[in-house]
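Okay, here we've got a single chain as structure tokens, the form predicted on its own, with questions on binding and movement later.
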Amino acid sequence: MNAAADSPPLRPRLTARRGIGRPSVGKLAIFVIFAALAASCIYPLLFVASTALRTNADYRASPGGLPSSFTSENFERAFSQLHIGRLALNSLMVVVPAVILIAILACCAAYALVHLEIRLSRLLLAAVICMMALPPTVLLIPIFKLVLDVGLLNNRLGLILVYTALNLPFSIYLLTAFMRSVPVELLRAAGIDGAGPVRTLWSVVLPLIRPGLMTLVTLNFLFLWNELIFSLVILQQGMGRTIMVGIAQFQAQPEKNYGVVAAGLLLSMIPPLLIFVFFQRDLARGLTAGATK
């Protein structure tokens, strides 16, 4: 007799487990929370965009509604009245040198604290971390007096130096995490080949910490581009105002034109958006690598 015929029939294999396809209450709650967070981030951008495409009368009639008709007049007036092009150029002339100077000094300081034999290096790094806990607004009056005493008030160089000093502690702390990931064997091999500390930093260390460096550059650019308080205090002349100060002062005028202000805010987003698009790959790699250190 055939053994296969005597064997019991095989049970049909289960194609799905119980519960698959049914979202649990916890997953549904997490989805709702993150959807609400995403909507809270997207709505201000949509509100500014819709306001920039409306006339001032249309906005006053229904501030929270949709535009009844679209117009590009606000963008034209942003260049003619708000002078958004000149304000953006002023910001670039301050932010770009400050970001470059921060990156250079932070690289040198982090490399020295991690890979050079410096006494009390841990104590120095602890002091850097303590500086990060100090709110920058607490230093506003002493910094203003110092800038006034050295004759750098209403001077872009004064604001560049202030931005550099305020952002160095965070930048040094961030780069020290990436500096520790550089193998010591590579540094010793570079020293055997006759490379000094500067050549080792330039040829060996910087290529390895490029994602962290690009992350630092991107974060500092975004922060300094949107900075308002120190720029308002140090650059008090109208021709040297940065873009955030110019938009804030234009909004404070008695005859408010919300459409022009919204158009200026939209245009001010272009440089940070371009920076993010160009460096998004390095930024993602840097944040991912920094999270594991």
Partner chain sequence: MTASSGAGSVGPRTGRRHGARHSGRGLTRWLFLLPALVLLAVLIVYPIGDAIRLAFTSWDGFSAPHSIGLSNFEDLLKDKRFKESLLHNLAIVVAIPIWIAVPYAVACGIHTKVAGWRFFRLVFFLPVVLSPVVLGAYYGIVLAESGPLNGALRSVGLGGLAHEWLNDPALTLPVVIGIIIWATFGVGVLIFLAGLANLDEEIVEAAQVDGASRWQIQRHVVFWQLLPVIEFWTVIIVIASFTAFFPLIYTLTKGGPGTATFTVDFDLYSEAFTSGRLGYASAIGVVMMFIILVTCGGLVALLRWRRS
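Positions refer to the first chain, counted from 1. All values derive from a computational prediction rather than experimental measurement. Rigid core here is just the name for the largest C-alpha set that superposes within 1.5 Å across the two forms.
Unshown form predicted in complex with its partner chain; subsequent notes refer to it.
Although the partner is absent here, Ser40 sits close enough that one of its heavy atoms falls within 4.5 Å of its partner chain in the predicted complex. Mapping the unseen interface onto this chain, Phe34 counts among the residues with a heavy atom inside 4.5 Å of its partner chain in the predicted complex. Shown alone here, Ser121 lies within 4.5 Å of its partner chain in the predicted complex, counting heavy atoms only. Proximity of Leu66 to its partner chain in the predicted complex falls outside the 4.5 Å heavy atom cutoff. Although the partner is absent from the chain shown here, none of Ile84, Leu89 and Asn155 has a heavy atom within 4.5 Å of its partner chain in the predicted complex. Of the residues in 119-157, those that come within 4.5 Å of its partner chain in the predicted complex through at least one heavy atom are, in sequence order, Arg119, Ser121, Arg122, Leu124, Ile129, Cys130, Met131, Met132, Ala133, Leu134, Pro135, Pro136, Thr137, Val138, Leu139, Leu140, Ile141, Pro142, Ile143, Lys145, Leu146. A movement of the C-alpha atom of Phe230 falling short of 2 angstroms is seen between the shown form and the other one when the two forms are aligned on their rigid core. A shift of at least 3 angstroms brings the Cα atoms of Thr215 and Phe34 nearer to each other in the predicted complex than in the displayed structure.
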